[in-house]
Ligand SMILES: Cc1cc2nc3c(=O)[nH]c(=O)nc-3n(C[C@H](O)[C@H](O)[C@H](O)COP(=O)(O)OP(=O)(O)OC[C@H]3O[C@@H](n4cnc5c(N)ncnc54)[C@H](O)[C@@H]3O)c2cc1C
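Starting off, we have a lone chain in the form predicted on its own, written out as structure tokens.
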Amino acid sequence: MIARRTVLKGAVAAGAGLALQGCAGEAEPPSPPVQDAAGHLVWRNWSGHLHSYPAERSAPASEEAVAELLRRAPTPIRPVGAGHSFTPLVPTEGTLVTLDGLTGVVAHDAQRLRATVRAGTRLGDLGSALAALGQEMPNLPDVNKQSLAGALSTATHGTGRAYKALHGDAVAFRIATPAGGLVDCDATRNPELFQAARVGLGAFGVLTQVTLQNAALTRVKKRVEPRPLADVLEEWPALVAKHRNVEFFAVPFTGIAATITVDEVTEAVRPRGRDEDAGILMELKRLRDWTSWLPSVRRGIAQKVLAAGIHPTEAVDEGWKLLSNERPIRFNEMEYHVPFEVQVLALREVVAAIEAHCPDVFFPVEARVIAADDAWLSPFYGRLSGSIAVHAYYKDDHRFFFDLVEPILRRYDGRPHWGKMHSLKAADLAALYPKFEDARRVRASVDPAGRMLNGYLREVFGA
């Protein structure tokens, strides 16, 4: 068997022989000063393109301490988890609050498969904690570094026609409000705040604990298979109907897609092997560097790789061990969610536009499917959605997100992922989210002074 990475490296080496020119070495993006003039230390997000200098930082160790902090701390007060958001949800010159002191499982209900979890718990830590109780979250996102509060507040999602985004399985939560109170919310207790703040952008207060509707531990098979992109696009509705979880990564300028399917099985455990994705990604970058001057050469090399026989890989294990992945290479990202019926049409346009205008792009375009839910600020409110995510290496220019990709996705009635880049303001969002005005009304009622709003969120809510 020829390993995927080995074949690709060989092809890239062959391409190097054809190259007439190569890319110059790239410089790191400029870093902001470590301190501002007042001596405040810098905060940066994961990709490095956002930063700020909070006047105060806090890591409260109890719910009561969170509530007290919100009542008195310098504003704007912004909660932070893993810093994985690409939108300016976190930057603040006021107070930065981490929930790293509020982690772990509070209680569980074995019969109903529910667990109440402190909101600062990282998804990657929650998997093993729930497994010890015989439970697991029904679905997980591509990466699991986020805090539970951060993932819910930005409508973070996995994939699967029957599977909601993570907030869809939050059946109750407790939130510390800007007035300094602790409020319990579910479908019957404070139901409007529950519906508005389940995807709350950290703008309604700070979640302190969440009750999750989980599933029993389930053994699944994960299969990763490179295939011709044209075939995957043609079969996408059938693949979505057939598999429990399915997604694909379309690699621009290659005509290749990598499909990932996950289905329940009773087979013996076959643990996942070493993750090669980061290495493959860097080989795609080398292919870009050497052949971006002539896309036909780039495509030809990639097609030779496919013809050489890249074999699928499989693993069998509990779902929480296989659904998320390691993504160590930094990037920036835009993701929109369009009605599922038009996802393939929109994706074809996006890939064609990138291949026509952006020869520097080498990151794959990711496509997933998410079930409808009823959270007021959920991008999946009331409709089965197909997501399209476009990435750019953190050293590369990502302005094409806004100039080229976003206009296409907006034409298809796309709603932006709250944690990923977009340019929409309150008027745009009100036209896309049927309950946006209700959410804005509830937000203003719990935070009339705007203590939770930084400049970005004031534009989002028109406040």
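Note that this is a predicted model, so its numbers are computed, not measured. So that there is no doubt, residue numbering starts at 1 and follows the sequence shown.
There is another form of this protein, the form predicted in complex with the ligand, and it is not shown here; the text below is about that form.
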item	value
The ligand in the predicted bound form: contacting segment from 313-321, 135-143, 278-286, 356-364, heavy atom within 4.5 Å	135-143
Partner proximity in the predicted bound form: residue 377 to the ligand, non-hydrogen atom cutoff 4.5 Å	no
Residue 81 within 4.5 Å of the ligand in the predicted bound form, heavy atoms	yes
Distance check, residue 331 to the ligand in the predicted bound form, heavy atom within 4.5 Å	yes
The ligand contact at residue 386 in the predicted bound form, heavy atom, 4.5 Å	no
Option touching the ligand, based on a heavy atom within 4.5 Å in the predicted bound form, out of 301, 90, 350, 251	90
Heavy atom within 4.5 Å of the ligand in the predicted bound form - residue from 156, 214, 261, 177	156
